[in-house]
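Have a look below at one chain only, the form predicted alone, in structure tokens format.
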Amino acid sequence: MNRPVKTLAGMLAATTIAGAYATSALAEKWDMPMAYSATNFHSAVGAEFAGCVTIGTGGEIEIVTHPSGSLFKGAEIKRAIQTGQVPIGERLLSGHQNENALFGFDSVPFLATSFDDSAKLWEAAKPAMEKLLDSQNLVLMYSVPWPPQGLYFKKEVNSVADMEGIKFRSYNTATARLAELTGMLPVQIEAAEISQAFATGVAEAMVSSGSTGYDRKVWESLTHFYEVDAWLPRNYVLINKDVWNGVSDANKNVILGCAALAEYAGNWRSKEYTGFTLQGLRDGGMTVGPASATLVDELKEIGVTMTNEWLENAGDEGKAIVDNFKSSQ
């Protein structure tokens, strides 16, 4: 994994090296809060994006990343960007589905279960998302999907009945609803707090990617990971619109170029990281494999319920996203 990752890091810097000769006495420092650990691939891509912008603008804009929720906790990041407390940051927008159902388009169970379908769903949703973000004083830079979501437990689970009463880590409306419909107890826990939550028994299960489990060494507390490919949620890098409007056209072009490269690199790395992290879970001692046919069938029934609920809440815009996505398949 290391060699191609380094190549991508070099690509992000080298493509804008020509801009490094520009200098300015009016250099700006942009703090960029991120919710996940520095070793997580989203954070690594974000750091490379930051370096690309810093080099490409000749230091006129220096972006400094703050991973692991060290500057703002995950749930606080979007608000901090909107209000100008920071100019830029990364956020899992499905965590704000309670604000607007459209933010949860990427967490509709079993709608888009592969990287190809995730890309098609994103193309269908992007215009509506950009319009919504604009109304909230935000400008989208780039978006990268997580690997497919699976289920983590500290025991063998073969049916929904086996989930009754389990304390389940939730991170958005969809995961909390999944817990309710399966008889589990949702507990809101940020990514940075996962290891401690499992170690202390505050949570006993979660739906997440192999990446999150690997980064947090969840095999120290959990025993099973079931590949159900429920959905591929996305992280988004956002800039405060007022700040963006004050950026020179030349530097906007640099930032957008770096963002395009970061999105490409992030998508590539997410795909590569999927197999790597699942093997990492196995190496840690976890049982990793497909869920039973019974559990998959039961989860898909729950998925139908959650899809209908989301469509009702998202209205015509949500229906248009799903219709456009299905027409592209």
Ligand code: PCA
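Everything numeric in this text was worked out from a predicted model, so none of it was measured. Position 1 is the first residue in the sequence shown; the rest follow in order.
Below: the form predicted in complex with the ligand, not depicted.
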Among Tyr236, Phe72, Tyr214, Trp146, just one has a heavy atom within 4.5 Å of the ligand in the predicted complex, namely Trp146
Let me know the one among Ser118, Ser208, Thr182, Thr173 whose heavy atoms come within 4.5 Å of the ligand in the predicted complex, would you?
Ser208
Within 4.5 Å of the ligand in the predicted complex, do we find a heavy atom from each of Tyr36, Leu92 and Ala191?
yes
Segment assignment from 197 to 205, 236 to 244, 220 to 228, 163 to 171: heavy atom within 4.5 Å of the ligand in the predicted complex:
163 to 171
